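Okay, here we've got a single chain as structure tokens, the form predicted on its own, with questions on binding and movement later.
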Amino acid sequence: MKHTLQQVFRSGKFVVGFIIFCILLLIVLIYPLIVTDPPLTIIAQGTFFPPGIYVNTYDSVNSPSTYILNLENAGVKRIASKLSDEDRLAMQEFLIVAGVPAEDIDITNTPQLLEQWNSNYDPSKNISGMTLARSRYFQRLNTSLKGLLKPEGEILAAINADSGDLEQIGLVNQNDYVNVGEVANVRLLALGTDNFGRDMLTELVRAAGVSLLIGLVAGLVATLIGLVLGLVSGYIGGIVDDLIMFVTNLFIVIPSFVLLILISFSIGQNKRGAFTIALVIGLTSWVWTARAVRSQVISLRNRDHVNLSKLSGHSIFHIILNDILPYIASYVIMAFILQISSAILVEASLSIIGLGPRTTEVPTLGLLMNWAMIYQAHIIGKWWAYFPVLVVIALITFSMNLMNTGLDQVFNPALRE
């Protein structure tokens, strides 16, 4: 056993796959201990908040400490963040009509664009072909730009309880800063929020854990069924072999995914839990494992050590368990790894078409993809709602396939270096 493990961990592909898988597993196990929020809790009033650090505006204004920082280009950055691409293109359109050469206008250069605008914009100037609505738009744009360029700060006011009038209670200058560490309410949304306003990172980690659990259960069920049927069919042969192969061929003729769709649909949404879906996947995915194990057993059942065990009077169960199973154990482990990977992909496929586990308890990777597609995240450019999910699915399957390839190189004489 020790020598075998040394050989396995000398395989570069297995080690890389094993490390990737262990990192994912550690994140899945440790993250819920740090962030204890339920994964389906709605924390945002809105959909698809972009990734970033969210600071409570009220608490930042009322921060116990205010710091004055004289940073270069702070005003330019502030203005640049307020000017949308549509506004910049509109400014370019007006400047060209006003006589500024198009090659002299750089809409990405905020200071230059503002200088050209201030030098050439005249609200009283009539430009032929410009509609009244367009003219009003440029006036509103110019007013907003003047508001951005004002040197004074923003006044904080509150209603006087006695007179009912607004009274100034503070002033926020343009060079006032607060330390984020001193603000009471700060929330990191590393992957933003989803279509329901839920923390996407928390959902993703929990979903990866549930999908791995589904893959593990489905892989165990499929591998055990395939192993038992393959061992019995390959060793006993005869009518037993014919009967098992008849059932196996029936499952081969009927596409497994179609069978999965029919079974999942017949179960109903309310009864489709993660464990139920895992069982369904496992009960429909054992076929190729059974056929492969049967082929291995047929090649082993007439070996000398098996015949010697027969002559010694050992039972069929003893011969299968002690004289055949150890010789195909490495193949069974590789089949188990592939079954886990395949089950995760199958669950994702089922959930994408709306036949995965129910959505009221915990998410899965497939459910996250389903929600992203329903709310058109891929169309409106909300990449954080689907791309990280694809990356996690790819990493899980990639790591398992690397481990399987590494094991194959160790145990397959034809591939051994």
Partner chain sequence: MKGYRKYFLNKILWLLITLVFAFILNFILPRMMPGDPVAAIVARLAQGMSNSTGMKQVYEQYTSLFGTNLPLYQQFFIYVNNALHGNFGISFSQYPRTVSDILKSSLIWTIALQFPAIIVGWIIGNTLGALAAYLKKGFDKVLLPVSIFISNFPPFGMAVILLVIFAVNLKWFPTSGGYGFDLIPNLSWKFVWSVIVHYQLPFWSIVLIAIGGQAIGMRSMSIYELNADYVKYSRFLGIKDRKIVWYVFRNAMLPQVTGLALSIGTMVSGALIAEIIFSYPGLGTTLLNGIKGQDYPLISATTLIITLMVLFANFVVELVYGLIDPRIKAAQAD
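None of these values were measured; they are calculated from a predicted model. Positions refer to the first chain, counted from 1.
What comes next is about the form predicted together with its partner chain, which is not displayed.
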Heavy atom within 4.5 Å of its partner chain in the predicted bound form - the one residue of A190, L321, A98, I254 that qualifies: I254
Contact assignment for its partner chain in the predicted bound form, among G354, P64, P38, G52, heavy atom within 4.5 Å: G354
Contact test, all of K13, I263 and L390, partner its partner chain in the predicted bound form, heavy atom 4.5 Å: yes
4.5 angstroms heavy atom contact with its partner chain in the predicted bound form for M373: yes
Contact label in the predicted bound form: Y386 to its partner chain, heavy atom within 4.5 Å: yes
Contact test in the predicted bound form: L345 vs its partner chain, heavy atoms, 4.5 Å: yes
Any non-hydrogen atom of Y137 within 4.5 angstroms of its partner chain in the predicted bound form: no
One stretch from 64-72, 375-383, 39-47, 25-33 that, in the predicted bound form, holds residues within 4.5 Å of its partner chain by heavy atom: 375-383
Residues of 266-302 having any heavy atom within 4.5 Å of its partner chain in the predicted bound form, listed in sequence order: S266, I267, K271, W288, R291
